[in-house]
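Below you'll find only one chain, the form predicted alone, shown as structure tokens.
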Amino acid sequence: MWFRFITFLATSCLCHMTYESARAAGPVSVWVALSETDTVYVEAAQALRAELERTQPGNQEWRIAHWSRFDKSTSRPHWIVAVGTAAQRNMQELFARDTKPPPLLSILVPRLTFERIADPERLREGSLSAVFLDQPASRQFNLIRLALPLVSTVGLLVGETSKEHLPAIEKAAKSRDFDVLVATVDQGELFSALQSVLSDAEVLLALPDPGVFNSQTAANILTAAYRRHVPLVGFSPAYVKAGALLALYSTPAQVGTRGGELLRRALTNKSLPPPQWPGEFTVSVNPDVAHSLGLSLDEKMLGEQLRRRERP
């Protein structure tokens, strides 16, 4: 009896001490730096915060603002989330001279851009990570296989930014029985590269390379592909609205939620996991383009089939 009482008392004191220590430590300070203050970046930030507060309510002290509003001379966060490329670049620069900068999670950034500006040492030590904006090549080729099962040849327009990842893209295509036709876009030579790849490709896969696909070139690429009856698979809903057959992308909320999951794990493990693709995604179909090509595609069904392929 006496032993049980002593055990109970010791356990109670230990729990009380643990609680008091946690309370004394206070909430975790998280800076969320936005590249811009428009809807896209705010939506991603809100989704990230909602994911943390869903499982750990009240454990974080949040500050969400444009990156230019942060100044380390007045306070220092425990963790930083950069939403978009500009925020990542400027948050890295803000703490560049620190011997131990706060861990930085970058979200809503294209993989190619992230890798170009990321600090390799911080990546190795687990104090820098990302949730990419774009999609893995495996997922893109799986979608093409589901939507266009008879297609065997996929065309790619590759620029300086995307060229270094071409071997991985070709490997993903080959594992799904696709042949890849590649046309390299040198400066000012988009038209000849486009005509070359459209001559034999059965579908054109757009890569998020700003040197190839941008606001000045997208309309011309879509028009040329449509005239050749070559469907284009894009990487944003804007491409579907402009005339692409399909688009595969993650919404800002989906990227933000994934970022919240990674940050939650990091708060427990005290280090960030490696950079990764968004877990959730959206498939969009342009029904008019599909009809003109004699296709009947259900975007919800395609999305579910794609998710089933990725489940263990």
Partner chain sequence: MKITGRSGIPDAVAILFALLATAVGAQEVSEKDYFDDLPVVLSVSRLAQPLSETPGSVTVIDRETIRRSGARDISDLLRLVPGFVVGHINGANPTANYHGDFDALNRRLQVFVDGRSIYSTLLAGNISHPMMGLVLDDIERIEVLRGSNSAAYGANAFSGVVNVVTRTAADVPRFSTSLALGEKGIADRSVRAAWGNERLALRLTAARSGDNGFDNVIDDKRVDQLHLRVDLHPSSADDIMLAAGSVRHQWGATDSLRSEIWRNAFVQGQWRRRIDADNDLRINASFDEEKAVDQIYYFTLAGAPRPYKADGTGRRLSLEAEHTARLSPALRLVWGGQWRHEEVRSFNLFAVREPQTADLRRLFGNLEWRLGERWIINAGAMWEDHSIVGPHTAPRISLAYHVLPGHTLRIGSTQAYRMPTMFELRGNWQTPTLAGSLVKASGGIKPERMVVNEIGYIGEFRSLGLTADLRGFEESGSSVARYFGGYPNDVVNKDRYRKRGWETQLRWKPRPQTQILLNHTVIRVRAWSTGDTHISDELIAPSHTSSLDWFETLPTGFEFGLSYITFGAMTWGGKNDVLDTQPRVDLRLARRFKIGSTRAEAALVTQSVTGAYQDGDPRRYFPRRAFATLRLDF
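Numbering follows the first chain given and starts at 1. Every value quoted in this text rests on a predicted model; they were computed, and no experiment measured them.
What follows is about the form predicted together with its partner chain, which we do not show.
Residue heavy atoms within 4.5 Å of its partner chain in the model of the complex occur in exactly one stretch of 229-237, 123-131, 96-104, 70-78, and that stretch is 229-237.
Its partner chain in the model of the complex comes within 4.5 Å of a heavy atom belonging to A218. Within 4.5 Å of any heavy atom of its partner chain in the model of the complex lies no heavy atom of W31.
Though the partner is left out of this view, L222 does reach within 4.5 Å of its partner chain in the model of the complex, counting heavy atoms only. Using a 4.5 angstroms limit between non-hydrogen atoms, E36 touches its partner chain in the model of the complex. Contact check at 4.5 Å (heavy atoms) against its partner chain in the model of the complex: all three of T184, Q195 and L295 pass. With the partner removed from view, the residue among L52, A266, V40, I64 that has a non-hydrogen atom within 4.5 Å of its partner chain in the model of the complex turns out to be V40.
Shown without its partner, the chain has L108, P110, T113, R116, I117, L133, D134 in segment 102-141 as residues with a non-hydrogen atom within 4.5 angstroms of its partner chain in the model of the complex.
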